[in-house]
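Next up: a single chain in structure tokens, the form predicted on its own.
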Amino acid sequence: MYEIGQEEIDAVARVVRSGRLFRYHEGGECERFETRWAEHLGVRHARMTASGTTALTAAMMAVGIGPGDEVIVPACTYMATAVAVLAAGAIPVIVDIDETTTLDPQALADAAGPRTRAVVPVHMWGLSCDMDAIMHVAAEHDLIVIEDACQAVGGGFEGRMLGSIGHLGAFSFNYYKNITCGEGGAVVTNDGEAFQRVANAVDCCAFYWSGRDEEYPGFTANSARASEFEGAILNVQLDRLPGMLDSMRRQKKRVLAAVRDAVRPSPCHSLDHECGASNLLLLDTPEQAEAFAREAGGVVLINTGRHVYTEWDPVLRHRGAHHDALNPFALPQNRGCRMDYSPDMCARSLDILRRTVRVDNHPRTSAEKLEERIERIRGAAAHLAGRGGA
């Protein structure tokens, strides 16, 4: 979370005083945010959800992902990406990232098989995937693209907003994201039929509040509705988002320009349009990365827990549901799907994550503090060089 304060308090207070806490009423806060978020991204439809995980799950349900299907996910993402695939009854196929720490388009092309139905490119650490290459591979293999933009709210790729490039996009607004309402998420799409299914997946009684459609009978689903409190907070947060991202993008460009001769920055796909939240620096060895991170005030990406596939214990152990009869790994429809996971199956990704250090930016960083950050990074690189190489 970057900033929250009196404006959000006032917005919540207005909801309390109105007595209209439930999202379904004309001119409500959720409806207003959904309209504004869709306009901000340049898409036709947006629906708020209870979390980024439920947003991803609703997106899977919206396009009919289910038993018998494989969905490709990258080796570096929060575990929820794979969990959403399993929640739809399908099987996640885990593939390598490249040095950008995002999905490797070539790994996607190599992994696409006869059962592969969709791919989830994940815009990690506020960074943009190579969406041109991914969309090209997806078109060649007839894959549905569900963008996981949960960690890149408001970011873009070459002038297009993340989440708007694939067939659907999913966002998180939890405590750790660029804008937040504590928890929460959203699904966006240009497909009206898919959006109808999203609304159904998010609210099992969506038809009741918006009126029955005899041509669309709907399906049962667990509700994951957002409240008016969340909508009110997000409407305030959205006003701040462009300025915060502009600040972090400027910081990142300044940092990378100032340290490039001392330490190698990780490649990135869209420096002018990504969020700018993270400076990724690539060292030669894991030992150098650990030493550099301690001195530079960063974190080695292999140490970020559930963002690394080796830490997805329930997935790797084929514990895909609370009941064995509902476990996607045990369903007969999935017997032909690839689910032989091992800790070293994406060795190239693990090597990259062991050698990559993340040093974060913050939108309220002063010019003085930014220069201190740069000097700390340069000092860490100099110490490494003095000991035999950075």
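The structure presented is a predicted model; accordingly, all values stated were derived computationally and were not measured. When you see a residue number, it is the position in the sequence shown, counting from 1.
The protein also exists as the form predicted in complex with a small molecule; that form is not presented, and the subsequent description refers to it.
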Original post:
Looking at Thr81, Asn178, Ser128, Gln251, which has any heavy atom no more than 4.5 Å from the small molecule in the model of the complex?
Top reply: Thr81
Subject >> Contact residue in the model of the complex, from Val122, Val153, Val202, Leu301 (heavy atom within 4.5 Å of the small molecule) >> reply: Val122
**OP:** Flag Thr356 as yes or no: does it have a non-hydrogen atom within 4.5 angstroms of any non-hydrogen atom of the small molecule in the model of the complex?
**Re:** no
Original post:
Is Asn174 close to the small molecule in the model of the complex, meaning a heavy atom pair under 4.5 Å apart or at it?
Top reply: yes
**OP:** Tell me, yes or no, whether Ala59 is in contact with the small molecule in the model of the complex, where a contact means a heavy atom of each within 4.5 Å.
**Re:** no
**OP:** Report whether the minimum heavy atom distance between Ser51 and the small molecule in the model of the complex is within 4.5 Å.
**Re:** yes
Original post:
Thinking of the small molecule in the model of the complex, which stretch from 104 to 112, 240 to 248, 308 to 316, 70 to 78 has heavy atoms inside 4.5 Å of it?
Top reply: 70 to 78
